[in-house]
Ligand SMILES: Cc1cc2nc3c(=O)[nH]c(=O)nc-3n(C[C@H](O)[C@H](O)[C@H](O)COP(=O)(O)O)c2cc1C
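Below, in structure tokens: the form predicted on its own, a single chain.
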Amino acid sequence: MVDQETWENTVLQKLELPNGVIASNRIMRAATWMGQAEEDGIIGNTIIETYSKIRAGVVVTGFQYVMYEGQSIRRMVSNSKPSDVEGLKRLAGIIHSSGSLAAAQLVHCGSTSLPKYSGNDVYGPSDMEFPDPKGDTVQVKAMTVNHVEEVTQAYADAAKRAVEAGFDVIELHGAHNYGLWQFFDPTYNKRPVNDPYTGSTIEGRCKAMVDAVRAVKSAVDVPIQVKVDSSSKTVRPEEVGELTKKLAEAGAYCVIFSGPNPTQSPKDAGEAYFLDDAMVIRSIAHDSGLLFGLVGGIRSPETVVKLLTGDGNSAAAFDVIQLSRPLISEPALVHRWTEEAKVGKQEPARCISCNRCFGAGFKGKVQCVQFEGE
């Protein structure tokens, strides 16, 4: 149990981002696909109503696709054309109405994109066969260097639209086996040694993600954070440490550590199940000037405080904590924890990590099914 003074001095401590941007606390709502955009990616009343309930220092939207071809699932939010700005303004506005900063997560899903959105051709780092959600095989075509550069520019253009719409922060999705991560992961990147994005060197593997940060940095003057996987079957955390340093040099202010299986059960894997790999990365990039964030299976206020304080070791402390599924079940969870701290009776998040909330998304709306109506 966390006492009120500790809670206020850790979780409710304001977070200063670059350019004088201030978040009211250290909790970020992690970017989460909500399955609530209209079929063409337009932001309608359903998604606005959902985001109106979320309370956090920073609310990161579910991933916004920067090119039509780069969608991996139905009802993603579009940030791919000028006409999207109107809806994005509504989304940023409703997030601000709760006192939260608004962050736009941008993505091109690369090899995991669906053929229906790319004219039957799916593009990624390399030629390969990739299983689609229905169990069929999709033939992925290697992007040309020009195509990669077009995607990089699409990130910059989407960032401009987001800032025009009122978003305070840009988050680039460099995790969960989507496009930017694919260039870093040798599982996907088989590009030859003479290619600038080659999978044979750490520089080539980092280039797409680093270039995207640089392009966004040149296009907009807002804080940029990047979500990365802390490891994978073919990527060691030490390599992610080198990537993280390069992201700092490119202009990112914060890196959020996730992993290839972000929807595990803390009952099985324990809370903060990416912590060990994240600590290896931190030890390598500790002098980069970055802020560090962690997501993954965090369910109790005690764990949040331990992560923010390093449990007595300031060198192990994280600057921000991201929560996803707990804030699907309880959008105002941070407020509940804050009120409970005043009387010394904090209870863990009610989320049981059943993942049925995402199943509901395929029917039109990600929502907590376990506690529906409560």
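Nothing here was measured: the structure is a model prediction, and the numbers come from that model. Counting begins at 1, following the sequence as shown.
Heads up, the form predicted together with this ligand isn't pictured, but that's what we're talking about next.
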property	result
Contact flag, Y123 vs this ligand in the model of the complex, heavy atom cut 4.5 Å	no
Contact label in the model of the complex: G297 to this ligand, heavy atom within 4.5 Å	yes
Interface membership of G166, this ligand in the model of the complex, 4.5 Å heavy atom rule	no
4.5 Å heavy atom contact, R26 and this ligand in the model of the complex	no
Partner-contacting position among N189, T112, S78, Q105 - heavy atom within 4.5 Å of this ligand in the model of the complex	Q105
Position in contact with this ligand when the complex is considered in the model of the complex, options S258, Q71, Q182, T152, heavy atoms within 4.5 Å	S258
Partner-facing stretch of 112-120, 195-203, 289-297, 210-218, counted where any non-hydrogen atom is within 4.5 angstroms of this ligand in the model of the complex	289-297
Full three-residue contact with this ligand in the model of the complex, heavy atom 4.5 Å, for W33, G62 and L323	yes
Residues in 241-277 with any heavy atom within 4.5 Å of this ligand in the model of the complex	S258, P262, T263, Y273
